[in-house]
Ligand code: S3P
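Just one chain follows, in the form predicted alone, and it is written as structure tokens.
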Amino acid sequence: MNLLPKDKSIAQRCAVLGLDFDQNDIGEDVKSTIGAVKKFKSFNASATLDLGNSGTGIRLLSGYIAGSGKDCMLVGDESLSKRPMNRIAKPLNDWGAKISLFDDQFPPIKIKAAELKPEYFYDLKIPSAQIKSCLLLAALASKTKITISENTPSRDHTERMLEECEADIKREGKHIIFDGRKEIIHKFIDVPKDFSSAAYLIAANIITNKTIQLDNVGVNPTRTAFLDVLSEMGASIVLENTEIKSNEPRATIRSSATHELNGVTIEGRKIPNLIDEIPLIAILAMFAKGKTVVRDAKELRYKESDRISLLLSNMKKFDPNIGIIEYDDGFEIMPSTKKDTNTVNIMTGGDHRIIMSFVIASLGSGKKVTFDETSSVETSFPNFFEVISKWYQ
């Protein structure tokens, strides 16, 4: 059994750049992006591209298409249609693109043919790899030059992939300087296993005290702050067989609980590199000793759901005795000592990470959970329930 899917962040960048990669073991988000790219390349005139639930895909493609000088409309499913896109539309329009959004915020994204200015400077105030990558891909497609000032480093998969393809890209201090006039070399990209998916099995190892080995997992340092948090909480994390392929590090990960977990405080520069794993940290906090605090994570309110609100409301149902304080940008959790065995129905908001997080909570408590839907897990981790059933139950 393949325990993990391929890294969807890297795979979707391969798809947009037209790079070859092994397309086995990929989730629905990656398939949606591949399909949209194929359709875009087959049309000379305007096309409508359906990105399904892929927030990464729609943002990356928006940049690439805006730079290509073609008309296009990008749409998504009901969930994606509620996710704000003005954060990519505004810098692209300031650069010279012609992009309009529904209600000035949401998909559909209508892109009219336009010519971008030959040079552009953007101050990336929000630490977002999707905004950064959107702009880099626009520069590549339009053969223009961009300088991005990145105050807080975010995922750097796009920069690494462009470097691998011998693009004219460099980092000077906090500035990323990319000249899209140089053609990239199209190479085969060896895509590692998805770290964000591995996080759930790492947590399952810790909470059940098993040691299922996870091989060839991407351990890009802009993605793995979750491992640092787990170590701080008291878990045992071991990386073996570390190597770099296609300019991306990967390793074998072993994880287990050596003793009781402790609460932690997570804020500031730590947040961007573990934003997807914060719901999982909150779940582990329910089984830890002492208070866990998360701040500076307002970005969670703009994911597939308002993850802060949805996470905390479900946690309160899961354990009515838990102590929770909600902030605009995070929360505090004080675990309770009282336990019950009542079945809990989790409201998912169509968010795969909410579902998988509460499956881990179920493993740790023995409490049965039901969900209003589970199909959204297919977007990122298609065989998640099969893996959990075989290895942890």
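Being a predicted model, the structure only gives us computed values, none of them experimental. One-based numbering along the sequence shown.
The discussion below concerns the form predicted together with ligand S3P, not included here.
The three residues 224, 270 and 295 each lack any heavy atom within 4.5 Å of ligand S3P in the model of the complex. None of 85, 275, 201, 266 but one reaches within 4.5 angstroms of ligand S3P in the model of the complex through a heavy atom, and that residue is 275. With the partner omitted from this view, the residue of 96, 108, 127, 234 that lies near ligand S3P in the model of the complex is 127 [heavy atom within 4.5 Å]. You can rule out all but one of 128-136, 182-190, 111-119, 235-243: in the model of the complex, only 128-136 has residues with a heavy atom within 4.5 Å of ligand S3P. The closest heavy atom approach of residue 155 to ligand S3P in the model of the complex falls within 4.5 Å. The closest heavy atom approach of residue 362 to ligand S3P in the model of the complex falls outside 4.5 Å. Of the heavy atoms in residue 33, none are within 4.5 Å of ligand S3P in the model of the complex. Although the partner is absent here, residue 53 is not a contact residue: none of its heavy atoms lies within 4.5 angstroms of ligand S3P in the model of the complex.
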